[in-house]
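One chain is shown next in structure tokens, namely the form predicted on its own.
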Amino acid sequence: MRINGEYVVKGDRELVFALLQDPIFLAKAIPGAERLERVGDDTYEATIRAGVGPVRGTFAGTVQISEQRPPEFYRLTIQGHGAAGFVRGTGAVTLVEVPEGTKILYEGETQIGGRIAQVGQRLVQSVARKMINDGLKVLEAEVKQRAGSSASQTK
């Protein structure tokens, strides 16, 4: 399954990049995340509760960040498994300065298997898009809050 998209956040590219590397923030931003813990340089273990249609479950896995070029690019490799199936994938995130703030461009390729794959690619893809959009809205709110608090500190 291939997924890609873009989203504009009204905020500084360095801040957006830093938040996307922060496991404490990401645990709040990823829908269903129960745990996201750094286990090595650029490697995290995660536990996420997710569901697609009638298939629900908890997935445990790893996320590895590579090819970092702060504050503009990084690549992700994910692997997860649970009773409902497995997911493996790679993705790339590019951050571009635009007049409105920071444009996030994302693209990835995933493979799924097990019961979760049986509900159909379209349903899985729509749930993945919703999770990404929900996480990006949390990112936007955090950037706005931090920008507001830094503006009030400079007064």
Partner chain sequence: MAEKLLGSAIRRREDPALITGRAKYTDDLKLPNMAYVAILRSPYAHARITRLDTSKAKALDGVVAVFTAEDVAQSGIPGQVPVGWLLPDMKIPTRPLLAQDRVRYVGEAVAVVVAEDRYTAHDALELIEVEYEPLSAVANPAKAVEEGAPLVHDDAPNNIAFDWEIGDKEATDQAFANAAHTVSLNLVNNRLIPNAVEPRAALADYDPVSGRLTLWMTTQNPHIHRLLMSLASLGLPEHKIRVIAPEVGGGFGSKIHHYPDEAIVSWCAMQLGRPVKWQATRAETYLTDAHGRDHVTTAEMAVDENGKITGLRVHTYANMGAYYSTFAPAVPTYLYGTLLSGEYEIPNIYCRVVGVFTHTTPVDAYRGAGRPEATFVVERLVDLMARKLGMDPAEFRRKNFIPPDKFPYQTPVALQYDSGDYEKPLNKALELVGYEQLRREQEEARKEGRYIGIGLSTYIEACGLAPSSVVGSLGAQAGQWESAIVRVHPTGKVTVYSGSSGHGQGHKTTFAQIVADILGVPYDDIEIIQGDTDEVQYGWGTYGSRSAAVGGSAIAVSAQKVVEKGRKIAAHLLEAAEDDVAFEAGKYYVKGAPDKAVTIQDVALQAYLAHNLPPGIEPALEAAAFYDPSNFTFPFGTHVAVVEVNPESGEVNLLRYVAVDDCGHVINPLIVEGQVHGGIAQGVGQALYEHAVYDEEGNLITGTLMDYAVPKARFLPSFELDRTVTPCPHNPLGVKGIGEAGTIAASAAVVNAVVDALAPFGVEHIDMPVTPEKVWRAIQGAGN
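In this text the structure is predicted, and so the values were computed from the model without any measurement. Numbering follows the first chain given and starts at 1.
Omitted here: the form predicted in complex with its partner chain. The next part is about that form.
- Interface residue among I48, I112, L95, V124 relative to its partner chain in the model of the complex, by the heavy atom within 4.5 Å criterion: I112.
- Exactly one listed residue, out of V63, A128, L36, A117, brings a non-hydrogen atom to within 4.5 Å of its partner chain in the model of the complex: A117.
- Within 4.5 Å of any heavy atom of its partner chain in the model of the complex lies no heavy atom of K103.
- Contact check for Y44: no non-hydrogen atom falls within 4.5 Å of its partner chain in the model of the complex.
- Only one listed stretch (95-103, 64-72, 82-90, 28-36) carries heavy atoms within 4.5 Å of its partner chain in the model of the complex, and that stretch is 82-90.
- Contact residues in stretch 1-36 (any heavy atom within 4.5 Å of its partner chain, taken in the model of the complex) are absent; none meets the cut-off.
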